[in-house]
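In structure tokens, the next block holds one chain alone, the form predicted on its own.
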């Protein structure tokens, strides 16, 4: 058997390699630096430095890109403007997540438990706290997750896509289980996420097996050519395409593959929830775009019904269930599911405009998501002994927040209005470009449903705003809530709030960048 050395163009992979190598160095830091405080400082510095360098490298590659892009590994990996746009987005989300991961309360409490296997208040945990233990492993886990997601955006082979899917999913399974408080809920969420994730991966890889059986190919481009050649579109190919899309719909959180989302969002540490809600969804959208436009495009007629059905069911069901939620994290979870439906609207008719509209939409949605979950970490319960307790996530606990912390409540209101798609926020522009791309393909009935769902969703967003600004604190409950002040978390709130407002008022430069990102390179186009 002859071994042919693959020809790999390494330079375009610099952003991804920097992040993944920093994750590997982070593991060595865990092994060699024994002092927890020093280890934490080194891990945070390493994580932020790697993500900033990765972000800078991706921007430089984008600015110096010649032609459509570069085939890094023939049939397997490309770096084009589309993948670079998503890598920039994911690096930004990674930086925001690192800041939230590192945030502490006034008493020095972190989001993460010092001992993942213990229960709150157990003797093991008490000893771990006295010893000053910290789970600084969360930083290399974050780097592996972000690096995997960045790689996910450039993969052009179905088997390789499965490998990378697991690369960024495994760190997330662990991170979900590390909540400092409500540990049983956190462990349950991690177990559900792992089991359902394994189930969806099995569906995906079964679809890939069927696709290989029908076409003898696993590369996106080669599969597309095989589909064009096979007359009448073999039912086996259609079945395989549906199963593969179901695997990606799971990561997107679309109905009926959404059952993990509310429980995981509620049980995970809130910083991890924000990261998953923004970054995981962005990576899933990036992969879905490439799979659809680089491989399944000839199946537009056969698959369009699937996108329409999933989008309508997702928007309606998520909006209706969100209306009755009394837990803010679960409400934001169902909001996230509803936004998965709005995202799928852009795929109606397989409009090429989706390649430029969805990066902007995910930027707007991700900023508001990080900001909203950052605010949630700042509103906390006060325990019977006067100490600061867990996050106050019941709706009633947010009554009168506008008087206690007006700037924090104002920022939360801005994020909610952006979710709702109110003008002068980034969310409005995001929904506008997505709906426009669908209308241009004649999918106005789908857009009509999306507009009605947005109008209904505005109710539960406005309900929280009214609660914060126009409802008095219940009698005897004035001292039940404590407003935390973490400089890192407040920095995330301020940055995301400013960007949400700026992108809503002056969206031109960001829309132009998104338009420039609407280029997707074929792995065979260079002939390498």
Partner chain sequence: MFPILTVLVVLPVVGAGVLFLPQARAKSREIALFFALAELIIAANLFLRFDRSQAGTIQFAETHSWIPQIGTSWALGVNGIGLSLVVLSAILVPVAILSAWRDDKDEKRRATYLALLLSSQAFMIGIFAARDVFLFYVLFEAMLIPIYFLIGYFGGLQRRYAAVKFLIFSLVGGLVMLVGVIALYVAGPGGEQGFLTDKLTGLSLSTSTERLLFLAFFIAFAIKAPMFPVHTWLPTVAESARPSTTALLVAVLDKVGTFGMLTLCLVLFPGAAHWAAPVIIVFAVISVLYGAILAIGQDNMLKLVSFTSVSHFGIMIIGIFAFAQTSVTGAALYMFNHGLSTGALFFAVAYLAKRHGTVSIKAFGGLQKIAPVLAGTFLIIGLSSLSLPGLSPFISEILVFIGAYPVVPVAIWFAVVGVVLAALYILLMYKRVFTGPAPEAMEGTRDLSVRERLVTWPLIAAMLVLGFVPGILLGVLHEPVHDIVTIVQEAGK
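Note that the structure is predicted; figures quoted are calculated from it, not measured. Positions refer to the first chain, counted from 1.
The same protein has a further form, the form predicted together with its partner chain, not shown here; the description that follows concerns it.
Q: Would residue 86 count as touching its partner chain in the predicted complex under a 4.5 Å heavy atom rule?
A: No, no contact at 4.5 Å.
Q: Answer yes if any heavy atom of residue 471 is within 4.5 Å of a heavy atom of its partner chain in the predicted complex; otherwise answer no.
A: Contact with its partner chain, yes.
Q: Considering only heavy atoms, tell me if residue 24 and its partner chain come within 4.5 Å of each other in the predicted complex.
A: Taking the distances in the predicted complex, the answer for residue 24 is no, it never comes within 4.5 Å of its partner chain.
Q: Considering only heavy atoms, tell me if residue 451 and its partner chain come within 4.5 Å of each other in the predicted complex.
A: Taking the distances in the predicted complex, the answer for residue 451 is yes, it comes within 4.5 Å of its partner chain.
Q: Please name which of the stretches 443-451, 267-275, 249-257, 368-376 has residues with heavy atoms lying within 4.5 Å of its partner chain in the predicted complex.
A: Among the candidates, contact is made by 443-451.
Q: Looking at its partner chain in the predicted complex, is some heavy atom of each of 396, 481 and 493 within 4.5 Å of it?
A: Answer is no for this spot.
Q: Just one of 428, 162, 308, 293 has a heavy atom within 4.5 Å of its partner chain in the predicted complex. Which one?
A: Partner contact (heavy atom, 4.5 Å) among the options: 428.
Q: Which one, 321, 289, 214, 433, lies within 4.5 Å of its partner chain in the predicted complex by heavy atoms?
A: So the residue touching its partner chain in the predicted complex, by this definition, is 433.
Q: If you look in the predicted complex, which residues in 403-423 sit within 4.5 Å of its partner chain (heavy atoms)?
A: Counting only heavy atoms within 4.5 Å of its partner chain in the predicted complex, the contacting residues of 403-423 are 403, 417, 422, 423.
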